[in-house]
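Take a look at this single chain in structure tokens; it is the form predicted on its own.
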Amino acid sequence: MTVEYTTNELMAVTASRLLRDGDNVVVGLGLPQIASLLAKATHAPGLNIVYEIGVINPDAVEMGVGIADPRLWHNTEHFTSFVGTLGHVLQKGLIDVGFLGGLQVDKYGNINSTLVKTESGSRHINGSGGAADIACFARRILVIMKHDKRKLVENVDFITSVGHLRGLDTRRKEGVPQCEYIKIITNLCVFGFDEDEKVLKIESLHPGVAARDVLENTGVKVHIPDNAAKTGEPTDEEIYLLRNRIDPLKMYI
């Protein structure tokens, strides 16, 4: 690595490397979109990018400010609809990865994007969109978010999108298909979940980050395995693609 990189660039690169060639990925706006486009431009040319609005495999020159921004639809291979993506594709079990964000995530990977409780009551946020459906039916779930004690909590204030629910096999018992895994990419580390108890654990620490940095900024108990890896740094090629081809206006990186 010969050039400096931003934290957002590191998060995008780290997330992109978790995507596999041939995956069908439902992508949210922002860093999930950036990471998916980077994967497609590097190690996963056969990746299929799906926006819940019904846009499949776009080749945007500029990032958009919302999922309905027509700049995102440039050179799209196929147009369908919400029913087409969330019904005919997602609920048939054809989506490999659901790439989500969230306001809060708890120790079981449940996501809250609906409301937060305050001393004076509750503050309502945007809500689910298609995220609740995506979390239920995608085979693997990636969450990308800022690391903060208020965001990584014991229990979310509201379950908008189900993760491992209450751990073990509670997800399956409630009639929701079991997912292969859930991973959370933050600006400090990558979290996974213990295979038995489904409890939050560190999978890799980003360059320059110590385990204590994660513990001090996480509002829930975290398992730190002895073999926790170091997150790989971005390559010069990845940074070049992010800055010159994928997000030249630097809207997200």
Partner chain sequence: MKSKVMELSQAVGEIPESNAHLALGGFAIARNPIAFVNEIIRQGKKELNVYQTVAGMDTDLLVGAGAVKKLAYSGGSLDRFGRLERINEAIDQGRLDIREYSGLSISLRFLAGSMGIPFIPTKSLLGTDMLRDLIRKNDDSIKIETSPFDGEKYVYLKSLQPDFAVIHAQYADEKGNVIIEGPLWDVEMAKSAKKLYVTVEKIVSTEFVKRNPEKVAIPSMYTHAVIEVPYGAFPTAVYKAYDYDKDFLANYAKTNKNAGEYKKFLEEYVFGTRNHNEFLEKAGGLARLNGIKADPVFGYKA
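Not measured: the values here are computed from a predicted model. Positions refer to the first chain, counted from 1.
One more form of this protein exists, namely the form predicted together with its partner chain; it is left out here, but the text below deals with it.
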{"property": "Candidate spot Arg139, Asn217 and Gly232, all three touching its partner chain in the model of the complex (heavy atom, 4.5 Å)", "result": "no"}
{"property": "Options 180 to 188, 47 to 55, 220 to 228, 205 to 213; stretch whose heavy atom lies within 4.5 Å of its partner chain in the model of the complex", "result": "47 to 55"}
{"property": "Partner contact for Gln91 in the model of the complex: its partner chain, 4.5 angstroms, heavy atom", "result": "yes"}
{"property": "Its partner chain contact in the model of the complex: Arg150, any heavy atom under 4.5 Å", "result": "no"}
{"property": "is_contact(Asp59, its partner chain) in the model of the complex, heavy atom dist at most 4.5 Å", "result": "yes"}
{"property": "4.5 Å heavy atom contact, Glu197 and its partner chain in the model of the complex", "result": "no"}
{"property": "Stretch 174 to 196: residues contacting its partner chain in the model of the complex, 4.5 Å heavy atom cut-off", "result": "Glu174, Gly175, Val176, Pro177"}
